[in-house]
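Take a look at this one chain, the form predicted on its own, written out in C-alpha cells.
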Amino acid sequence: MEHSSIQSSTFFFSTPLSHERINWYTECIASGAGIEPGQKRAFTVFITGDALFSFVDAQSREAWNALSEVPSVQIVADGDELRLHGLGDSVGAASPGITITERGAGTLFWGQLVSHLSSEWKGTKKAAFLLCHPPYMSRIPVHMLRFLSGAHAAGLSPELYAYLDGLHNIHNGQRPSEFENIGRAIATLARKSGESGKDPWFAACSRCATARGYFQMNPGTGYCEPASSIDEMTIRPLKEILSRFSGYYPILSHTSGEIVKHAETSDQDTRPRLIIFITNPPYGTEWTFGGLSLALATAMEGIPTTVIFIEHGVYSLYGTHEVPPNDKVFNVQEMVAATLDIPSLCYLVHAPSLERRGIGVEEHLTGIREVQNDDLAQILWGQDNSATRILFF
C-alpha cells in the first residue's frame, strides 16, 4: 500500500523578473501541478522588491493572473513594498487572485514567510539566508535582515552566509547617512540571538573575502586574518559554509525556492538536493563562476546537485571560449567539461532559451542534455526527494 504525501513548493523573488523567466516559470508550475495526479502539491510564491513590477507589466501580468487561478497556487505580495513602489492600488485592482499583505511596518510579509517556511520544514530550529548582494547599492541586505529578524522573533536560530559581493556587508565602520546601517544591524542580530540562547551562525566565504580585501596575510604569523570586518562574521572556507546545506532547514536567497515532501515515510535525515539555475552570461559578472563554484563544492560534499543553464546563462555553452593569456578569469567551458564526470553533479541546458537566442551548444559540450519546460517540471517535482533547494545565479 502506498503512503499518501504532500509536496509543498515555496518560491521567493525579490529582484527584477524578465518576461522570459515569468513565462518558463509559470509554464513549469502549471505543468508541475499536473504531475502524478494522485499526489497533492501546493505552490506558494512570495514576491517583494523590484519583482513586484512584473504584476503591472502588460507583458507579464496575464501570466501571473493565470497562475493565481490554479487551485494549488497561492501568490503573496509584500503590501508594504507595493505601497513603497506606488503599486498597491493598481495591483489590487488588476490582480484579484494575488494575496497582498496588510500594512505591517515592513515586517508582516516577512513574518508570514517565516511562518510558512517553518510549517513546511517541520521541526526546523533554524533559518538561513545566502547573501550575494552588497549593502546600500542593493536592497537585498535589507530583505535579508527582515527575514532573519523574523526568524529570530519566531524562535529560530538565524544563519547568514555571505558570498560574492555579499562580503561587503561585513565591512567594519559602516556609516551610511540615508540608509539602515547593515553592518551594525548584522552585529546586533547576532548578539541578540546569542543572548536569547539561540545558536547564530554567521559566516563569510574566505575566497570572496580575500578577493575583496577582508582576509589578508599577516607577515608576522604567516596566516590570513580578518581585516576591516565586523567580529560577528567569521571568515570560513566555502566548503564549511556549504556543509550547512546538508541540514534540514530553509535557506533563502534573493531568488530561491524550496520543495519539501511530507509523507509518512519521509526521511528528514536525507540531505536536501540542490538545483542551481545559471541565468547570467559567463564573464560580465561573477554570477556564473560563483554559481558553478558553489555547485561544485556542494557536489563534492556528496549533495546531489543539478546545474541548469537557462536564460542568458546558455551563452556559457555557446561558441569556443578562449581566455587571453593576460586575463585571469576561469574558462567556464573548460570548468564545465572537466567536471562532467562528477557523480553527484548533473549539467542541463534549457532548450527554449537556446531557441529564443538562435544558438546551440558547443560541440565538445553536446553531452549536456537539453530540457524543455515539462522536463524541468519533472526534474523539480517528479523526483522522490524529501527536500530540494533551488538557487538562481
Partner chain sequence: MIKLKILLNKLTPGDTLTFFATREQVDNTCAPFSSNGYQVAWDQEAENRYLVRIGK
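What you see is a predicted model, and the numbers here were worked out from it, not measured in a lab. Residue numbers count along the first chain shown, from 1.
This protein has a second form, the form predicted in complex with its partner chain, left out of what is shown; the following refers to that one.
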Practice task
Using heavy atoms only and a 4.5 Å cut-off, decide whether all three of Val76, Gly106 and Phe179 touch its partner chain in the predicted bound form.
Solution key: no
Practice task
Using a 4.5 Å heavy atom cut-off, indicate which stretch of 59-67, 354-362, 24-32, 336-344 touches its partner chain in the predicted bound form.
Solution key: 336-344
Exercise for the section: Using the partner position in the predicted bound form, report whether Pro219 sits within 4.5 Å of its partner chain, counting heavy atoms only. Expected result: no
Handout entry: Touches its partner chain in the predicted bound form: Phe330 (any heavy atom, 4.5 Å)
Key = yes
Exercise for the section: Determine whether any heavy atom of Val114 comes within 4.5 Å of a heavy atom of its partner chain in the predicted bound form, and answer yes or no. Expected result: no
Exercise for the section: Check whether Leu164 has any heavy atom within 4.5 Å of a heavy atom of its partner chain in the predicted bound form, and answer yes or no. Expected result: no
Exercise for the section: Would you mind picking the one in Ser253, Ser149, Ser206, Ser157 that has a heavy atom within 4.5 Å of its partner chain in the predicted bound form? Expected result: Ser206
Practice task
Could you tell me which one of Ile230, Leu145, Ile98, Leu296 places a heavy atom within 4.5 Å of its partner chain in the predicted bound form?
Solution key: Leu296
